[in-house]
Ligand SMILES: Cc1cc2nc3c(=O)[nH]c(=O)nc-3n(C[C@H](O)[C@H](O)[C@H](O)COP(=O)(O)O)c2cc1C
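First, one chain by itself in structure tokens, the form predicted on its own.
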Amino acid sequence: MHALAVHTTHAYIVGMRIGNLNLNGRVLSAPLAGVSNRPFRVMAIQAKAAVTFTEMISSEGLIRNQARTREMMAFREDERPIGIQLFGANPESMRKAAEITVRDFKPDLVDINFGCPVKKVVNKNGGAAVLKDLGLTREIIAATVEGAGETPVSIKIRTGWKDDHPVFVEVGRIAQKCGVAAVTLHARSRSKGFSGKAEWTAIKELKDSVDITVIGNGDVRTPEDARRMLEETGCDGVMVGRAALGNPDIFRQMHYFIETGEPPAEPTIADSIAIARKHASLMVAEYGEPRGIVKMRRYLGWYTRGFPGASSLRPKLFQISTMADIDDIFSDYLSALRVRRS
């Protein structure tokens, strides 16, 4: 169940295992609501993410056979390995949802979300709210594992509902007893949201307390962060979310640095634009024009973070509706940049 890592003075052997699933890397792409659609997942996998996830799926929506829910779960072979993340507060609904997920979609992994801090989720007693009732947590985990059958189950948790009541070690032990293959710990409480500093010492404490795979999450922004988390906590893998927004190449960079210990090449502005254009072409292939390009606008806002003159570039990108618009705007931008630098 542990990562297949070998520590040397210079490098790691890169690979880890989640139950019967062998992964070729140790950097996982986090499930991100409103972001982790097929084009985003393809970009992540092609950039060496060890595994990607669908957006968070409501167990109640799935067992009611809602078309939108099933649409969010659909994936293709070029996105593997892939996990489908479920959330819900009713154990029987979660069991049924896991059963349907495995039967109809056949993912490599089923994940349970116990970490989402968003009000519309926790107000339904889902996500991180479940951590307030460890009896219910146990029932949900056991039911999901039963429903998933031979497909490995992982859980994603926070340290607890509030800072003064950490429950992550107890939840990790419950998960292990129920047959869960891996625990991802976002090292903040729900009350912290995404603010403050992630408490990596909690990841180490969890790793020291269970025998199953532990994945660390929180404040992993750079290749150096990823390797440092592995070294400081002993965790088996790292999960990256916000750092990948507008920079799917971060998975390649982290994979390379973990494997070699050498600083990876970072994309130039021209490289980033080429990557963004590739992403946009996937959006068009998936959703057509103009829908795919309109959906791409928010991603282009992330891709252009830190660009010189981004404040005047972004308003133009937020009005696009065709690939030709993207090409024209970026072509003009690069030409102006060359002039400015000459």
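A residue's number is simply how far along the shown sequence it sits, counting from 1. Quick caveat: nothing in here was measured; it's all calculated off a predicted structure.
What comes next is about the form predicted in complex with the ligand, which does not appear here.
Considering the ligand in the predicted complex, the lone stretch of 310-318, 23-31, 281-289, 58-66 in range is 23-31 [heavy atom distance within 4.5 Å]. With the partner omitted here, the residue from 239, 97, 153, 183 that has a non-hydrogen atom within 4.5 angstroms of the ligand in the predicted complex is 239. In the predicted complex, residue 218 approaches the ligand with a heavy atom inside 4.5 Å. The ligand in the predicted complex is approached by residue 85, whose closest heavy atom lies within 4.5 angstroms of it. Taking the partner from the other structure, the ligand in the predicted complex has no heavy atom within 4.5 Å of any heavy atom of residue 101. Of the heavy atoms in residue 93, none are within 4.5 Å of the ligand in the predicted complex.
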